[in-house]
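Presented below, as structure tokens, is a lone chain in the form predicted alone.
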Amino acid sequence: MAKELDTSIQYLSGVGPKRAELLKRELGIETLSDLIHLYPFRYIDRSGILPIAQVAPDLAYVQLQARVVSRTLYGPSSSIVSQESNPIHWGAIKRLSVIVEDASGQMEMVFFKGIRWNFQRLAPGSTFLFFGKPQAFGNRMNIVHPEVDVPQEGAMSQGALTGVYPSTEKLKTGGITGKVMCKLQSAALALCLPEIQETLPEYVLRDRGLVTLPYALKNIHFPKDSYALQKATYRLKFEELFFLQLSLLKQKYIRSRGERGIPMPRVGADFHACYNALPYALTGAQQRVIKEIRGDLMSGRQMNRLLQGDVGSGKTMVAVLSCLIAIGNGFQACIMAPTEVLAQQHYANIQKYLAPTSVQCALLTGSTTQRERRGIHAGLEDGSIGLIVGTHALLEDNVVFRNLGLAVIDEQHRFGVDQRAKLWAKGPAISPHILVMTATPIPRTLAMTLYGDLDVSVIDEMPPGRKPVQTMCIGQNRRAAMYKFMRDEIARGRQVFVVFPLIFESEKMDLKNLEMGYEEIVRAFPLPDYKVAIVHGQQSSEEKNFNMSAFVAGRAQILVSTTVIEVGVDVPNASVMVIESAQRFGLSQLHQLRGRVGRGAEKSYCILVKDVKTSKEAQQRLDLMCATEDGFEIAEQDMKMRGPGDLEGTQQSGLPISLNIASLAKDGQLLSEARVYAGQILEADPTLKAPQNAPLVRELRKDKYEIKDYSKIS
């Protein structure tokens, strides 16, 4: 990289060591390159000059050109300080009032900071541009702390549109105001623009109608006009999404072309035995997904597929049938779950599915005894165990397979890539096929990014017999009616979940709320008629398992818990889900919790109980939950509301690379285009060897594209 771009920010005029430390701490900016890649998140139009007579308090920002008429200094309790007193005791001055006028009228500018400097600068008779937010004070309009400029001063900083940059209270206190930030950007661009290297090949700029990088950088910070800003924004967003997809797809291409997969041409007798004995027909979506998986397994290339399906859509069934194909070809399969409860549940269900087959299945978790372990290890090594279900225990070094052909990973986001790599390494010389499953619906744009190197299948159809869950939102004043409803459902032989939020920062307080809530429920549902179980993260595994199994077995009618029940617990007899302080949960979490009921044949209900203080945004979330049960729609809306970590101008977290300007929530269409275009380039030149692709190779070598490449071992 060129030298100016690498220069430490402290050497830029107007920064210095103290401000440099502040910029690093608050915004992660260390070099000039970091600074010019911090983009404004909105713009203020400063093209027009408003006559003072037209200024009104409901206007967002106004720009005036006016002459200073008079200035007054005020001390404590609004006493006027004589301007003649020599010397003026500046420490005792509390505010400065400046009256300005144009041809249409007069107005006041007020300063509580920088009083001495502004007093000396704003001499009566001189004319300035004043910019700020007007407000009515008494019978007069004023602007507090306006930005003050000499008309026509400084070429680069006086465009019509002025950028507003991400900021924090500490930056403002440290003197890095919006205006200072604009000055720093102007100085940094003057130094860096001459050595900015184009990152995209000539033909890409031509194909996509993109402006050059220097033009884009100049006009994103200081737009010549709104058209220039639009061109600059489009260029920078496209580039960001294009390189993100190019880096992911390149891994996928390397893998699909270079990585041989275990060929599995047969289906096998066990698959047919299981399939023909199913108590119900598979949905069209399940059949489609099995076909896609079957195609991968026969292709001779390694499968890397993500299977998305809402809670209860029948993913486990698809996983079992896929495992049976591997077993029918003489290989072993494993299903790995994130928690012991989920692994046990999978195991119990899978045992039923496997009854008509000759396949031996085992369960390996943290609580498997040493004696059982020895038998399981031996069975995996000699190949007599065809399918193993387990937790992280499957990753232990002493777990050795005879010939692992398929690994299924449930709730993928709970496992690190390193852990998956460990599992893959347990296969024979050729890596096993991989099927990753998630019940957390991921918006399409996010799936294309987080799992851009995987093929994606979606089960978008519910099995017959699943009744929709009726969702309602109530306030605290309806609690008595809710308890009556719970008693009625329990009288009909049903069970009830009551979930409390547990947010880490205030765990003690939340635990107190949970315990108080539990006591209130025990008072409202007393023994011997009712039994209430409680489960939370502070309990030991034994306590948790004891209480949980009491509820699962029907010995307790009510389970009070924190979100530990979010993933996977299956209690078909539970028909009511009560979520306390529902406004504190995210949409996808609410949706996951709601999926715990509606698993049996009975009509089910989800009751969202909101607190008295519920913000407008939280209310929108609760309304959406009542309006739809479609997990994908909820996930899309959730991302639009919250962004994937996309708050005002801050970067999005959890992505393979950080995005400075594009947003997965808002730029889905552009992301799709960028992915298709990146795919076309790799189709023509998979290793990017062609001379015209040299800029792409150079850009992909940068640290930020160092997405861990496990394609060699996956």
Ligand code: ADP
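Just so you know, these numbers come straight off a predicted model, no measurement behind them. So that there is no doubt, residue numbering starts at 1 and follows the sequence shown.
Not on display, but discussed next: the form predicted together with adenosine-5'-diphosphate.
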With a 4.5 Å heavy atom cut-off, would you call residue 134 a contact of adenosine-5'-diphosphate in the model of the complex? no
Is there a heavy atom of residue 313 no more than 4.5 Å from a heavy atom of adenosine-5'-diphosphate in the model of the complex? yes
Using a 4.5 angstroms cut-off on non-hydrogen atoms, would residue 283 count as touching adenosine-5'-diphosphate in the model of the complex? yes
Although the partner isn't part of this model, could you tell me whether residue 353 comes within 4.5 Å of adenosine-5'-diphosphate in the model of the complex, counting any heavy atom of the residue? yes
Go through 528, 209, 194, 464 and name the one with a heavy atom inside 4.5 Å of adenosine-5'-diphosphate in the model of the complex. 464
The listed residue (602, 102, 239, 570) that reaches within 4.5 Å of adenosine-5'-diphosphate in the model of the complex by any heavy atom is 570
Spot the stretch among 217-225, 262-270, 283-291, 93-101 with residues whose non-hydrogen atoms come within 4.5 Å of adenosine-5'-diphosphate in the model of the complex. 283-291
Applying a 4.5 angstroms cut-off on non-hydrogen atoms, the residues of 95-123 near adenosine-5'-diphosphate in the model of the complex are none
